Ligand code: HEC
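Quick heads-up: it's one chain on its own, the form predicted on its own, in structure tokens.
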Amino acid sequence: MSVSWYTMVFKPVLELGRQTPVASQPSNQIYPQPRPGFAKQGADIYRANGCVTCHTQQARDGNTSSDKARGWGVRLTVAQDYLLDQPPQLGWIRLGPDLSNAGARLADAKYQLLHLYNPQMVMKGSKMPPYKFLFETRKIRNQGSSEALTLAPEYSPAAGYEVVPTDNAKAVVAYVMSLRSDLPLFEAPMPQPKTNAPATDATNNAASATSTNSPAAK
């Protein structure tokens, strides 16, 4: 039991507990960055509503397919990605897509709000339940709110009413938009684009640049 505790609990805490944000290369950007206040609030709402039950936040290679091939991540996630998340939202099962890089691949707040209000509007057949309680349906005042959702007739409220996101809805979207794992790390480098160009011989290039057959300068 002591060996198991050391291997599965103490050793990982000792190794990972000392990690700190690092400078990503070649941008020299410190990673990870603390989430802005609104996104941090959204993380609490995300967790309280059980989103972690259906969405993972760990891009990885599987036995039959890769999350990079699915477009869910541009690289695999590593411990460094979760350094400032307490607790990390690793997830349980995947009834919905992985969200570890959702802020980069779905960088559209209006789309995210529509999806949160009623997923069927943007993704037919989605298994995600609607979160309409995070929105307010109210009478249109003056010219209407600039934040009101643009809804198709079949999803619109009664005439004279509009649907407006509450601060909680905007916070959840801010949190999802903050989820990015698209910076290269030492332990998780970015995949290099494939090229069909022939390999370059640096030695030959150097030789051609300083040809010994040319007449000596006088």
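The first residue of the shown sequence is 1; numbering continues from there. Everything quoted here is computed from the prediction, not taken from an experiment.
Beyond the structure shown, there is the form predicted together with ligand HEC, which is absent from this document and is the topic of what follows.
With ligand HEC left out of view, the stretch that reaches within 4.5 Å of it through heavy atoms in the predicted complex is, among 181 to 189, 157 to 165, 32 to 40, 52 to 60, 52 to 60. Remark: residue 131 counts among the residues lining ligand HEC in the predicted complex, judged by a heavy atom distance of 4.5 Å or less. Although the partner is absent from this view, residue 106 contacts ligand HEC in the predicted complex, with a non-hydrogen atom inside 4.5 angstroms. Ligand HEC is not shown here, but in the predicted complex it comes within 4.5 Å of a heavy atom of residue 126. For residue 115, a non-hydrogen atom is located within 4.5 Å of ligand HEC in the predicted complex, even though that partner is not displayed.
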